[in-house]
Ligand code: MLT
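One chain comes next, on its own, written out as structure tokens in the form predicted on its own.
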Amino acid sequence: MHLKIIGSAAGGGFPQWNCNYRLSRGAWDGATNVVPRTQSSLAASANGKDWVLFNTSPDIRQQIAATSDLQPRAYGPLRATPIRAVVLTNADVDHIAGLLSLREREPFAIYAAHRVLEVLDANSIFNVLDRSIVERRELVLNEATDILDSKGHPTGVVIEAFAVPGKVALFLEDLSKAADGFGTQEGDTIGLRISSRAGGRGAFYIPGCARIDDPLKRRVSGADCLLFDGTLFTDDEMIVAGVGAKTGARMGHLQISGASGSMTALADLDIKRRIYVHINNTNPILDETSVERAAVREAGWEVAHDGMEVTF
């Protein structure tokens, strides 16, 4: 199984288009200690020929342009793509907006939990993806699913989707239910186990997670690779930086540091390779010379960058 991290930043990318915080400023100015990143997305292939995307960010065209495996084959048909399917982990804008760029009547399949499919169904703009060409398929949680192309042929990629603690997408929040997670329901945020066959070696992709509970720890223990939510280093990071009023918890993201952070919560698990993904533009781990970057590296974590590859 071959994985390519084609987008490693959180919503807005890095540097974010309107951000002048010191990290983004460094990226704008070409500082060598910070590397620009596009918005969160992953590609996987079991055979090196057929590819499955996990989330489609607004940067999808740029990501395809930077990834030759996702481009039309030389001397192939006039319209073609090796992208056979898209799997969505939630309905956040940075994960679904890229679908609109894949609208050129090219056949592929969309897989998502029922809650996310409801979002697509309720918004008529997604009808630019003709359902007779781009089929929408519901993921059943906690069951192995063979990802099939538009014609029902197996891609060789197998996933198991499972609910993780998270939050409903920002544009779907019900403020009258603030005390109850703003209307969050099961299926609003899912994690994925990705493998080339059911029960085989696998990687976990969890770009959004609000907390780590015992069931999640049991699930990911022994993983060949864990790609986990690295949005913020500290819960109040955006507030301290002066660029926002929300904590990580309010946004449905668990911080990396501290006694309750992901670095500590997952420290005792047997995970062969662990990588932080979905990194916000305020997160100091983006600075390759920072003490925070050194801390995650010392704890055995890697920091994702666009173009990073994982093979198992």
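On a predicted model such as this, the values are computed, not experimentally measured, just so you know. The first residue of the shown sequence is 1; numbering continues from there.
Not pictured, yet referred to below: the form predicted in complex with ligand MLT.
A.B. asks: Verify the flagged residues M1, R84 and V158 against ligand MLT in the model of the complex: is each one within 4.5 Å by a non-hydrogen atom?
C.D. replies: Looking in the model of the complex, the three residues M1, R84 and V158 all stay beyond 4.5 Å of ligand MLT (heavy atoms).
A.B. asks: Which among 86-94, 186-194, 130-138, 215-223 is in contact with ligand MLT in the model of the complex, heavy atoms within 4.5 angstroms?
C.D. replies: Contact-bearing stretch, as computed: 86-94.
A.B. asks: Going by a heavy atom distance of 4.5 Å, is I64 a contact of ligand MLT in the model of the complex?
C.D. replies: No, I64 stays farther than 4.5 Å from ligand MLT in the model of the complex.
A.B. asks: Can you tell me if M251 lies within 4.5 angstroms of ligand MLT in the model of the complex, counting non-hydrogen atoms only?
C.D. replies: Yes.
A.B. asks: Taking 4.5 angstroms as the cut-off for heavy atoms, does L170 touch ligand MLT in the model of the complex?
C.D. replies: It does: once ligand MLT is placed as it appears in the model of the complex, L170 has a heavy atom within 4.5 Å of it.
A.B. asks: If you apply a 4.5 angstroms heavy atom cut-off, which residues in 1-29 are near ligand MLT in the model of the complex?
C.D. replies: The stretch touches the partner through G11 alone.
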